[in-house]
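One chain comes next, on its own, written out as structure tokens in the form predicted alone.
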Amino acid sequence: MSDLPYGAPVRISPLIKFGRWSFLTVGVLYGAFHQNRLSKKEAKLREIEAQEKVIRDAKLKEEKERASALEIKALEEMASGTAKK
């Protein structure tokens, strides 16, 4: 034991050991409780986002179709305009 750099190991009080283990257990239980609560909240948000995604995708598809139709119309006008000259 004399070769230890800081002397012999100190015996830790049972009260301190109990307090450490108690806080560790309470922390784990606290984390598990809040993880469960937050995961339920997140699941609800995902459902709402999934419903909004369907609406958003439909709007984007409609906008793309309109833009595509306008682009085709513009290309047809350019092609017919150059053929007339």
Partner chain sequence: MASAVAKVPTLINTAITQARPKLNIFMKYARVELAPPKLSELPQIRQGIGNLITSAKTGAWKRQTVKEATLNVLVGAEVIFWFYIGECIGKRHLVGYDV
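If you're wondering where the values come from, they're calculated on a predicted model, not measured in any experiment. Residue numbers count along the first chain shown, from 1.
Only in words, not in the display: the form predicted together with the partner chain, which the text now covers.
Q: Please determine whether E42 contacts the partner chain in the model of the complex, using a 4.5 Å cut-off between heavy atoms.
A: Output for E42 is yes: heavy atoms within 4.5 Å of the partner chain.
Q: Contact with the partner chain in the model of the complex for G7, defined as at least one heavy atom pair within 4.5 Å: yes or no?
A: Close contact exists here: in the model of the complex, G7 approaches the partner chain to within 4.5 Å, heavy atoms only.
Q: Does the partner chain come within 4.5 Å of any heavy atom of K17 in the model of the complex?
A: Flag for K17 set to yes.
Q: Closest heavy atom of Q35 to the partner chain in the model of the complex, within 4.5 Å or not?
A: Yes.
Q: With the partner left out here, which residues of 22-48 have a non-hydrogen atom within 4.5 Å of the partner chain in the model of the complex?
A: Sequence-ordered list: F23, L24, V26, G27, V28, Y30, G31, A32, H34, Q35, L38, S39, E42.
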